[in-house]
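You are given structure tokens for the same protein chain in two forms, set apart as structure 1 and structure 2.
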Structure 1
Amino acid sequence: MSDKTRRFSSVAVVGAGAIGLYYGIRLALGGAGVRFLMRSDLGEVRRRDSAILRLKEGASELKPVQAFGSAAEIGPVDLVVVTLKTTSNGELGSLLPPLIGPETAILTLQNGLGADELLATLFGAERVMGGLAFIACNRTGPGEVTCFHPGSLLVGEFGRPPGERIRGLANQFEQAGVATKVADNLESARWHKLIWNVPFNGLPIVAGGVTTDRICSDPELAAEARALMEEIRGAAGRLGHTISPEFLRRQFAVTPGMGPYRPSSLIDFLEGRSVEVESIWGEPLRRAQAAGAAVPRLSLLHALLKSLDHRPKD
């Protein structure tokens, strides 16, 4: 079977928030048998029997939709796509086993660092692939996602070079309408993603709940965002991952075009949910410090976010 023809026929999406809905709907509309594991949205989605993707050019409805309340109802699949918040990763060891068959692969589209290693420990490194979603989208209702900037998807194998499996997956996403590339080095790709995630998920929270366009337009906040980007670039370099200054420039330049975008961490914070503090800021900080990188701004941002994340909930 060639790279271009390999396909995952049955897919379980674990975590039907914005990212899980977006890519799950895309894959399903592209012909895959996608089964969504849902919690709070399950009743409404089953009543409507659809999942909805809203884009600037219009809406697409996946109808009927396969939505389930437990992994046992879904059963083993070819591919498990993990899009849970990393704050729920303690559940993976008990949540995923009913979905795992002898040849099942696992793709994590989670933020930050550490998810690949955790899944490899739990289910075997040979199963694990990772992906980075360069996208701006929000869950805007039960089983409904609104995409402001479709961006692209970057996928890679955990701990090994790309082969037939990951190239086939990339092609499947491409055929489903997702601009997708294959990463030569997944860990390096994750550090590239942190260039945007560290400042633009963190500063909106500590600046009092502002959107990303405000970060870019305010001189002091924009300067802080750029300084954080440079710290991540330096830390990545210490760990052997080269990130060009031009990449930083492009990541900053694309952000104003998203408009008054509220990143997922800000939404979680404002709605009283736990923020992915350790995967996006804590683990990169620990790895940077262990490599001898100077990251004072990242250290302060991590401390501030930890303090705010433990605030009393109203």
Structure 2
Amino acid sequence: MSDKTRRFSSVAVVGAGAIGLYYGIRLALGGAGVRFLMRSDLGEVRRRDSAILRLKEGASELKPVQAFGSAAEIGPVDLVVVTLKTTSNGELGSLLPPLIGPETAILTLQNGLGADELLATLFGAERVMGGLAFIACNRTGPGEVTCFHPGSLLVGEFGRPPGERIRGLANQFEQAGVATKVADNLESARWHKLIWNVPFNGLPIVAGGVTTDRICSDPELAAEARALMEEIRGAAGRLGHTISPEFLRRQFAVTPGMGPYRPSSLIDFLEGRSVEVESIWGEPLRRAQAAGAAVPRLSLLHALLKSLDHRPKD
């Protein structure tokens, strides 16, 4: 915990869903100047002038809250935390520029693959860090997030080994109450997370809106989940990311204990919102195919999810 590690004093959180609220409120309560970029919830949050974090142990209120409707009002910050759904990533090129100064870093906490590369292309690879949120939380109202299991955060540099910047960020998160680890290889970490997300975010949708425990208790669906995990493992391996069979076994084994869990993608689907089809299934599929990996089940699953998710995309 060196005093020399860089702190991000000013932070813009882009996207005030569950993830954006959770980590934004944490960082703000930890002492950073956090400004939230909001859309639909802006009026209610400003009227109340607070953001609320509910935990099992009780609630924290961030009051006053700095909430804005445009990036121009926020202006350049030390750190941009991107927590939009990836279905809105087409907007990043027009949305973020007012937040970016010469030294601004960008941390994307978005699902799946593709956001790191997109941000690197748009704003320069040297700015980009990525994070994987292992957390169970839901947005339960405007500017209000309820956390069921705080889990942990895994952060890494995009395309580089970890250095002082990412360790400073992890330290800042830790001091804000978020258990945080630094990944040696961000891309590898993302492929590891796909081992669970590809089957357990996808199969519940295409199998008729079932919870993850139903996937595990149906022998045939469970076998398909395992086969999808093996396809992802094979593709990751071809891309240089070794995933152990033991990791697969554990990822499968923890799932029944989660009970009748509805993954975020299933909730999005059932509530008529866009599903993050391309970041969780489409981009992994394209990279797997480009690497020559056999991913027939992923291919079928992606085509079905894309068909089911027939709402217009940004």
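Each residue is numbered by where it sits in the sequence of structure 1, with counting from 1. Throughout, rigid core stands for the largest set of C-alpha atoms superposing within 1.5 Å between the two forms. Model, not experiment: these values are computed from the prediction.
Trainee: The form predicted on its own: is that structure 1, or is it structure 2?
Mentor: That would be structure 1, which is the form predicted on its own.
Trainee: Core superposed first, then measure: what is the displacement of the CA of M258 between structure 1 and structure 2, in Å?
Mentor: Its C-alpha position differs by 3.3 Å.
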